[in-house]
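This document starts with one chain, in the form predicted on its own, laid out as structure tokens.
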Amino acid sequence: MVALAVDDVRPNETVYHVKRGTEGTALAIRDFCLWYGAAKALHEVSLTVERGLVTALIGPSGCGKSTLLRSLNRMNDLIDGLRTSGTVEFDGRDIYDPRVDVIALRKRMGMVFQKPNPFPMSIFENVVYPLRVDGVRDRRILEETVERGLKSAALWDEVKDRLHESALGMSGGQQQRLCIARAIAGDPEVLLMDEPCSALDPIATAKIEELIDDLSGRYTIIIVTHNMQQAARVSDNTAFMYLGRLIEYGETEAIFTNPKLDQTRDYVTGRFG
């Protein structure tokens, strides 16, 4: 197996050939850098995320894809010694502007993590949690939100008769779909998914992938995945990252069948990574 050297990955040489959406740009990332203390984790990353499409971030472990994903809703702010440069524009405004309300930003970007993380409460209360935080108490609104969210997450028929049972009694795949229902209950514009299927079996993974396909168009979805077949199946555009740099960003079919760069071809065909 061949590995790239640091010298093979030079700045400002990213190749772009993305599929354009019909709704314009959701996020515009320009020359974005991130440091953990003295260690630079992201190097001059620039890409646009098309509204309503699914964008996959791929690359070997430690390449920066999860760091980039968590930068989009400023989850990384919680890390001591972190600093950034460059811009991440959402609706034309830099999310790192000091005047940005980070809590409001995160409401507009739902997040699903690698392992299912349902709260130790009922299925019903898990889904409506974002509304409870906002002070919503109207029972009709809460019930409508639960039904809509669980239907959107393809979970309603499986749990409609046990909404008041603990979410911890659900299977892993059901818990992850519940977390997706909770993420979209607050009506976000963007869904961030950090390896949402890595802890699931093939059957549960297939259901999550079907769900991503159903949700695309209604939401802008950005997914980090180590699974090349999954990226090829679910995404419209794919960004290949290595050593903290964006190497190639293009239409998914082209990335996997006709990449522009040898580094990308070597990775997607399994020569390294």
Partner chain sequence: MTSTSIDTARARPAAGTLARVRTTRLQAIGEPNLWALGGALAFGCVMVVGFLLLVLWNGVTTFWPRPVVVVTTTDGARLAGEPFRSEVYRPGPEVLATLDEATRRRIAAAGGLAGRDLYRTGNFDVYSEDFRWVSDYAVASTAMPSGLMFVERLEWGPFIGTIRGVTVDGRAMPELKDDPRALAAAHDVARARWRQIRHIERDLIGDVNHELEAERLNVRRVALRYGDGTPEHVAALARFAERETALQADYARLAADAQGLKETDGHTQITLAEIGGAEKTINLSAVVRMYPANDLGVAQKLGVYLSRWGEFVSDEPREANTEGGVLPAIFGTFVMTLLLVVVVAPFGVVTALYLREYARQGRLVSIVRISVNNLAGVPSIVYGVFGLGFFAYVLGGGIDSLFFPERLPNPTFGTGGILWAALTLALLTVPVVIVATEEALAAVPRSMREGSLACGASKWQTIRRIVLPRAMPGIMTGVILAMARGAGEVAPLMLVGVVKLAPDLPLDGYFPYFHLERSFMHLGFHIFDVGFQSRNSEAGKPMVFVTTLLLIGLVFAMNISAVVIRNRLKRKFAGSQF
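Small disclaimer: the values here were computed from a predicted structure and weren't measured. Residue numbers count along the first chain shown, from 1.
The following text describes the form predicted in complex with the partner chain, which does not appear among the structures shown.
Participant: With the partner chain left out of view, which of Ile141, Ile79, Ala154, Val100 would have a heavy atom within 4.5 Å of it in the predicted complex?
Facilitator: After the contact test, the surviving option is Ile79.
Participant: Given that the partner chain is left out here, which of Arg93, Lys107, Arg148, Arg162 has a heavy atom within 4.5 Å of it in the predicted complex?
Facilitator: Selected option: Lys107.
Participant: Quick check on Arg177: any heavy atom within 4.5 Å of the partner chain in the predicted complex?
Facilitator: Contact with the partner chain, no.
Participant: Answer with yes or no whether Met111 is in contact with the partner chain in the predicted complex, where contact means some heavy atom within 4.5 Å.
Facilitator: Met111: contacts the partner chain in the predicted complex.
Participant: So, Pro202 and the partner chain: in the predicted complex, are they within 4.5 Å at any heavy atom pair?
Facilitator: Judged by the heavy-atom cut-off of 4.5 Å, Pro202 is well away from the partner chain in the predicted complex.
Participant: Taking 4.5 angstroms as the cut-off for heavy atoms, does Arg70 touch the partner chain in the predicted complex?
Facilitator: Looking in the predicted complex, residue contacts with the partner chain include Arg70, since a heavy atom lies within 4.5 Å.
Participant: Within 137-175, which residues come within 4.5 Å of the partner chain in the predicted complex, counting heavy atoms only?
Facilitator: Counting only heavy atoms within 4.5 Å of the partner chain in the predicted complex, the contacting residues of 137-175 are Leu168, Met170, Gln175.
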